[in-house]
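Listed next as structure tokens is one chain, alone, in the form predicted alone.
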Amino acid sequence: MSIHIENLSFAYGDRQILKNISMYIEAGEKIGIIGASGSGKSTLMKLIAGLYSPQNGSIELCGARRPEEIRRNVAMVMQNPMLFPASIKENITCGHFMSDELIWQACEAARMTEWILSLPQKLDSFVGERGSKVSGGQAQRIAIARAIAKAAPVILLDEATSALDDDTAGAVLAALESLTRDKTVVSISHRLETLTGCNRIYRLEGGRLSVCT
């Protein structure tokens, strides 16, 4: 599903974060966005995800412009994933019915099956308040499994492997690449080397977007 961004600007009070950004992403493309910390990458990602509404300009995703409609078509993995004070299973399904087969497939793709099977309560294990009973890497893999299970046409990855060791990060990226082959993917990072397999890579700097050469 395509993403069309036109003359997008966004500010926090008097601080201008994004300035007249325009970008067209075709269905099935994989796009990378690189930029330093504080450059506005996460803000742009939240706008694309429908979590923020554009202040100026427009975003159209899968033919939808209203944030609530955009959110239905997007699965997002943030740098610091938000977990609910519930079980692993409930954090993956987010209250929607999913077969056990689908849940385990998502867990396998996120490389967390072995860890879950080692827990006394398996998928019913409680993650604690704000994920306090799991490590940062485990929390991020739960968030990745959630995104995979949602099966949305657009996947947004915000430093999605930042809390994982290099071996696990590589395995998860390989799994995501396989599972999102026919989907539109936007990945952001502050390190160019993590943005592999992209059709194009953009640099966000000074609030403006340019294609990396």
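Keep in mind it's a predicted model, so treat the numbers as computed, not measured. Just so we're on the same page, rigid core means the largest C-alpha set that superposes within 1.5 Å between forms. Don't overthink the numbering: it's just position in the shown sequence, from 1.
Same protein, other form: the form predicted together with a small molecule, not shown, and the subject of what follows.
Engineer: Going by heavy atoms within 4.5 Å, which of 63-71, 140-148, 36-44, 22-30 lines up against the small molecule in the predicted complex?
Structural biologist: Only one stretch passes the 4.5 Å heavy-atom test: 36-44.
Engineer: Which residue among Gln79, Gln105, Ser87, Thr93 has a heavy atom within 4.5 angstroms of the small molecule in the predicted complex?
Structural biologist: By the 4.5 Å criterion, the partner-contacting residue is Gln79.
Engineer: Hey, in the predicted complex, does Arg200 get a heavy atom within 4.5 angstroms of the small molecule?
Structural biologist: No, Arg200 sits far enough from the small molecule in the predicted complex that none of its heavy atoms falls within 4.5 Å.
Engineer: Spell out, yes or no, whether the shortest heavy atom distance between Arg191 and the small molecule in the predicted complex is within 4.5 Å.
Structural biologist: Answer no; every heavy atom of Arg191 is more than 4.5 Å from the small molecule in the predicted complex.
Engineer: Given that the small molecule is not shown alongside this chain, does Ile17 nevertheless sit within 4.5 Å of it in the predicted complex, heavy atom to heavy atom?
Structural biologist: Yes.
Engineer: Comparing between this form and the one not shown on the rigid core: C-alpha of Arg200 shifted by 2 Å or more?
Structural biologist: Comparing the forms between this form and the one not shown, which are aligned on their rigid core, Arg200 does not shift its C-alpha by 2 Å or more.
Engineer: After the core is matched up, is the C-alpha of His190 off by 2 Å or more between this form and the one not shown?
Structural biologist: Superposed on the core, His190 moves its C-alpha 2 Å or more between this form and the one not shown.
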